[in-house]
Ligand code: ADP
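Only one chain is included here, represented as structure tokens and corresponding to the form predicted alone.
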Amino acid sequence: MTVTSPNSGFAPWPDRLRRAAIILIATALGLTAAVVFGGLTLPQAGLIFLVIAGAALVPWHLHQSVPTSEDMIGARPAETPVVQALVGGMPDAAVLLDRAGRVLHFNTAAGQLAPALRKNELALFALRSPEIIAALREAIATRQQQRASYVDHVPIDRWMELIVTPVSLPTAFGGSEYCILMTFHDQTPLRRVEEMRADFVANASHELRTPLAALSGFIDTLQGPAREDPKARERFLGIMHAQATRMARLIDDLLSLSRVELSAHVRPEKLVDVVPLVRQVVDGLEPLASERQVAIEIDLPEAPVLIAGDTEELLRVFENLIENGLKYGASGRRVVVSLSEPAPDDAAGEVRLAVRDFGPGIPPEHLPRLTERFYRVDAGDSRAQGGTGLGLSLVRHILIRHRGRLLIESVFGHGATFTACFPATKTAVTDKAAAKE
């Protein structure tokens, strides 16, 4: 144990070494006086000094090599590598605090959740949610477990549950150290399921009621007056098939939307080349383009264009945007699909897929609401085109998951342009810059 004393000429010597030095100085002065005035010979005085010096210094060396009980009791078990490894290995975000609320350890998940966390600093500086602060203060005051729920709005909405648990860690000789363990559990998937359930009941029931009513009516007709009428039966079966197809597509869109929302907080990390995906979608929509007498013009780079994304979801985005252009811009007789990427030196740029049609365009008052679920500019025309009212909403949610955005530009009477923007990957930008050099 090191003791420093500003008033001592021996500081910062350890206590026992300082005491030994004082004893030796006093002994030296006494022996000198005995040699001068008492008749003690110099060799005798030297021998006595060596014996006393050995007796004074040997205990100090033993003290340095053997830890005392005070040292063992003063050791903090919360700061041992074992405790640090346990906190670091927890699957959920975890933070261990001392009794004053200062951070002792936190794992990688907690660092991502609260980047302002710093070791040996108060956790309240980094965790500013009122619910977190109230639960932490209550747990410190009462030494009882506390729970709290809150919403983290950055970078996207996430519903979190916090559990604050007082922990008593045993020390040597029967002591204990009081700590606080904070664990954060992501409740977003469960919350998404609940929201999806409510949305399905509120919105899908209305959309499903119309085709179901039509199917029920035609079934009654076929079982009654049209039982023996081949022409009516053929026409009614065609209408029933169209209504059943509409219901199937609506259900498919609803399920796709719920899956995307459920994983909205998990960003895709796999690199995908979007050039062949766009070509695949364009080839698949050629029959629809021929039916509507619309020409699809494509402008794609020769080299691969890489973004971090989910292949199936990206295909859904491209399909929805291009199909909408073919359906609602058919009067313009052509749709232009172009893919652009950022400059080689622009690491913060975007990869953009633009779909432009030359149809009637969209009135400006409708533009802000186009990505709402079941919102339609013209409900009758949308249903006639086979739309479910969920296409652009699905596109928007997929882009949010990919940390992208959707741009909609339109001048009424002069067509519309829908642009899906994706953040460019640093790897792709670096490769482009290297290739240019």
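Keep in mind the model is a prediction, meaning the values are calculated, not measured. Numbers for residues come from their place in the sequence shown, where the first is 1.
This next part talks about the form predicted together with adenosine-5'-diphosphate, which is not shown.
Ala416 is the sole member of Ala20, Ala424, Ala416, Cys421 with a non-hydrogen atom lying within 4.5 angstroms of adenosine-5'-diphosphate in the model of the complex. Comment: adenosine-5'-diphosphate is not present in this chain, but in the model of the complex one of Arg316, Lys327, Arg192, His105 has a heavy atom within 4.5 Å of it, namely Lys327. Segments offered: 305-313, 361-369, 218-226, 136-144. Contacting adenosine-5'-diphosphate in the model of the complex at heavy atom distances within 4.5 Å is 361-369. Proximity of Gly404 to adenosine-5'-diphosphate in the model of the complex: non-hydrogen atoms within 4.5 Å are absent; the residue sits far from the partner. Although the partner is absent here, Val377 sits close enough that one of its heavy atoms falls within 4.5 Å of adenosine-5'-diphosphate in the model of the complex.
Although the partner is absent from this view, Gly389 contacts adenosine-5'-diphosphate in the model of the complex, with a non-hydrogen atom inside 4.5 angstroms.
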